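Below you will find one chain, with nothing else, as structure tokens; this is the form predicted alone, and questions on how it binds or moves follow later.
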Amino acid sequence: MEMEMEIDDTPKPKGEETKGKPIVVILVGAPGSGKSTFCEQVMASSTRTWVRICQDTIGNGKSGTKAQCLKSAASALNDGKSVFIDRCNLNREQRAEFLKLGNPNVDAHAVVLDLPAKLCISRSVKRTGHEGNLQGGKAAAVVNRMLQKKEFPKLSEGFTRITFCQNESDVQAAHNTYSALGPLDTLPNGSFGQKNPDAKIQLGIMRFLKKVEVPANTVSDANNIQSSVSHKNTEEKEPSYRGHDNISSFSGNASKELKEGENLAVCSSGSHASLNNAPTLAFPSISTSDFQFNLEKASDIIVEVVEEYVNKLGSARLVLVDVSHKSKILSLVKTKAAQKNIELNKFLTFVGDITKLYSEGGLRCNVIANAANWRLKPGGGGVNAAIFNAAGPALEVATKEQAQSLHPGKAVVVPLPSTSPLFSREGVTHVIHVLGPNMNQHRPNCLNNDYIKGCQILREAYTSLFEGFASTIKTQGKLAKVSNENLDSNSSGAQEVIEGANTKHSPNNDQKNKREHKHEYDRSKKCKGSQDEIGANIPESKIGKVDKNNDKIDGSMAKAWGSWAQALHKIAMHPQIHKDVALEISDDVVVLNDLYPKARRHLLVLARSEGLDCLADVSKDHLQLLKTMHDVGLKWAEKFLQEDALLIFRLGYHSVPSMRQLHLHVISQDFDSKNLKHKKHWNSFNTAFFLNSVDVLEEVSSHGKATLRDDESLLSMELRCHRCRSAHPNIPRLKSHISKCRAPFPPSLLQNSRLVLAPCNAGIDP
């Protein structure tokens, strides 16, 4: 599921600065598909104002009528709010009246949660306290009946955008898209993610409930949640995939002669659905087209290196791509891979445009390889020109940050900025440039048929490519685990989502502060190369940097940022668009209130420097900027002390922040805030996880970097008063205590101006 966001950074005409276009999102899905959860999670993390319309609760918390839902939705849209229609909406007739709410001033979207029937039934049967009392044994029969009558929505009904979600990864991607949708943002029109427009009944549910005989030409796996989506036969399920050994034996319809432009893939039947979420590298054949390398020799090397790496890459898969089904290199590689018994679910061949694998072929590839030229420049024709053209100028800029040139046999990993069409349309998060040997006498540096050296370079090129890919997925499992844990938890976030952050000027602030927000700390890890989380927005940081001689891929600190975590970066880079929330704007910093303050006074001082995502990116070259941030924070603290001399402030940074863009917290020590709800909130400001600004300045000045405390256990420590250090069992008890505690602060905080006091209190132990 691609992340399709268009952020409008252009200045708005006078009078339109704060008015965006409302959206009515009609959720389509069976009971248990997760419609209510989807609404709640988006509403909890979005800066846009959403209203959930649910017929089960529309009558003052009790079940109501469709007419009541329509009336409430229309009222909310007229007020400029966006609306979720939380009903099953499984047929066209049910959707029709809600679609009439859309008009030139209101976009009508559909989010289709077409999850496996078995999963929906399991959830419905197990749940308790459901708003509509659809739970227990009766739920299975209801889900079965509904799914047999479902009709997928179509753009012709009047929708401007339809998003199909067929597994949990798709749902998470759609959640990220709508959560990141700010008040002024828009989404591209069209239909996204649908595999089979004609599917109606999920055969998986018929197996599950009625034990009916499934037609022989249907490939489905009732034990695999992700493969029990609705399909009538193998052609409908995944037309791009075919077996290694005998194409005609794969299914009853698969023996048709392939036509020009059809996709041909090497894969095992019944396994591909679950693989759609696996980390995937799509790569062209290096040096066999423009560089005229012998195809037999090239295919031998491809298969040899693939065989070496398929097991090293874990669940990830490799896909060799060419544009024609008549491709000789694909045929050779497919035959030799079968002879080597390479696992079919880890190595595929695919016919298609490498820049349109998902949008045109349904193949998800988060990393693609480019057969680059040594200058790492666009042009030259072939794959290189196609990828640079499809990725837009953002790829060339990002490439220059990594390397200026490339030696034969080497590769360079380039994180693809979220502004690139390849990122938003195809879900590609990284491009790996790789340079192979040249046998074309019309190109420079020709090896003149020296295949001893040529084969050595080509083997090095594929090795470098697969090593680069491995670096992007090295920590993916850990990141996914953290993400899933956060989605399953009910904890509120210590997140600093700041669009509309000025609590004084935002009329909707009180309403927004009532929302529950998910806490999501993505940990930076040291690894060789980069981190990647499929479906997430990846920062435009220096990941997998290549040294000046292009001899090795260098390890670097990297972090995968969720889409919502980009808000501060947008404000820092384009403060003129956010003047209504900024308290101060200069060439170096932007100052604004934290949208979810954890104390009476809680400001953020943002660095306006590209590439400074967090303290891990800071070096001695940034010392003056850190001093400026500290001085600005100190100025604001002193301003607040003039208004209330009893306040006490700390200035500091989180070791590993939850949001992209280096920012300094200026926070009063009363911690009197309804947004401080969880242990992680407290411990992120009252353990060694919070680094005092004066200490950071001293360390960067002396050692060139700050000492980070990114131990996650710090956030789960017991709750202790920041003054007397007494322990407390929960946040309410802690809050009650600190409102009365007048013990002096620990000696460590009383030294080196770590606490900022009013001048009249300077001689008093705070």
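Numbers for residues come from their place in the sequence shown, where the first is 1. Since this is a predicted model, take the numbers as computed values, not measurements.
Omitted here: the form predicted in complex with the DNA. The next part is about that form.
- Checking 729-737, 62-70, 45-53, 30-38 against the DNA in the predicted bound form, the stretch whose residues place heavy atoms within 4.5 Å of it is 729-737.
- Although the partner is absent here, residue 109 is not a contact residue: none of its heavy atoms lies within 4.5 angstroms of the DNA in the predicted bound form.
- Contact annotation for residue 468: none of its heavy atoms lies within 4.5 Å of the DNA in the predicted bound form.
- For residue 327, no non-hydrogen atom is located within 4.5 Å of the DNA in the predicted bound form, even though that partner is not displayed.
- In the predicted bound form, residue 659 approaches the DNA with a heavy atom inside 4.5 Å.
- For the options 81, 425, 678, 297, the residue carrying a heavy atom within 4.5 angstroms of the DNA in the predicted bound form is 678.
- Of the listed positions (161, 578, 364, 654), a single one reaches within 4.5 angstroms of the DNA by any non-hydrogen atom in the predicted bound form, namely 654.
- Contacts of stretch 589-622 with the DNA in the predicted bound form, defined by any heavy atom lying within 4.5 Å, are made by 596, 598, listed in sequence order.
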